[in-house]
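Shown here is one chain on its own, the form predicted alone, set out as structure tokens.
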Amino acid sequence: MAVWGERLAGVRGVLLDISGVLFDSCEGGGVPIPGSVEAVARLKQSQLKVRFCTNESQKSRGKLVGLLQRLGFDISEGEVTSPAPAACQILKERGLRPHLLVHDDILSEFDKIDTSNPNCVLIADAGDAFSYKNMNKAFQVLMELENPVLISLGKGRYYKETLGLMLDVGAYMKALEYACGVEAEVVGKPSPEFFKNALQVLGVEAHQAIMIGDDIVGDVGGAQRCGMRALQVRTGKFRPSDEHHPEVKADGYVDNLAEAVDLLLQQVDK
């Protein structure tokens, strides 16, 4: 426990990943990871500040929060930092009109965005919409632009559903990068701006915060590059090889969110 005391000393704010940490998604909804509903409740009853930080881009923030509430989580839409609203702000600020390759369930997030005569491509985890036809259309739009801009809501390799691992947006982003000779701008984890925005809303400095996630690169590596500490849970997309990643080492590995919260609250109570 002395080791954990050193690792968790001075933590005032907690950023929680959602998919793979709170619940595993499945056809028609999701199932809570055992102990996670109670763990979130205990965190929010403590003196620690809590914010949810997700790359979820198959559901709008409202639909995601609605699902979590039905699963028993104490969460509101205003407590969630997600990539689609952040991307909309960027599009407006830069006068970008995107060709959208996204899941139907998040199209509503872009209702106020001009998509006529596209001057960029924006992709998210489009699921079955990642067909050859749709990918080729995105490729054609980029190739026709003098200064092609590709924006991706995340760069994850895969995520976890109850049926198994699922290919994520990062693979399709890399395909377009390779084919078009462009480098995507990532909105979402592990982008430093994404974490900085969450910390600003939370009201704590990076050294006072800890990220809890299941993705060794996007969650752990991204948070650490911003000066935060990060724990990886052995749920969701976690693979045993993550504990021996050649570039990223978490500040600690825990079996699940419940164990992480136990450790955090033991330090807070001292």
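All of these numbers come straight from a predicted model, not from anything done at the bench. In this text, residue numbers run from 1 along the sequence as written.
There is another form of the same protein, the form predicted in complex with a further copy of the same chain; it is not shown, and what comes next is about it.
Undergrad: If you check 71, 96, 180, 86 against a further copy of the same chain in the predicted complex, which one has a heavy atom within 4.5 Å?
TA: The residue from 71, 96, 180, 86 that makes the contact is 180.
Undergrad: Ok, 115, 136, 200, 108: which has a heavy atom sitting within 4.5 Å of a further copy of the same chain in the predicted complex?
TA: When a further copy of the same chain is considered in the predicted complex, the option within 4.5 Å is 136.
Undergrad: Looking at heavy atoms inside 4.5 Å, which stretch does a further copy of the same chain contact in the predicted complex, given the options 115-123, 171-179, 78-86, 191-199?
TA: Within 4.5 Å of the partner lies stretch 171-179.
Undergrad: Whether residue 162 contacts a further copy of the same chain in the predicted complex should be assessed with a 4.5 Å heavy atom distance threshold; does it?
TA: No, no contact at 4.5 Å.
Undergrad: Does any part of residue 155 reach within 4.5 Å of a further copy of the same chain in the predicted complex? Heavy atoms only, please.
TA: Residue 155: contacts a further copy of the same chain in the predicted complex.
Undergrad: Using 4.5 Å between non-hydrogen atoms, is residue 104 touching a further copy of the same chain in the predicted complex?
TA: Residue 104: no contact with a further copy of the same chain in the predicted complex.
Undergrad: Is residue 90 near a further copy of the same chain? Define near as a heavy atom within 4.5 Å, in the predicted complex.
TA: Residue 90 lies outside the contact set for a further copy of the same chain.
Undergrad: Taking a further copy of the same chain in the predicted complex, which residues of 230-248 have any heavy atom within 4.5 Å of it?
TA: Only 239 sits within 4.5 Å of the partner.
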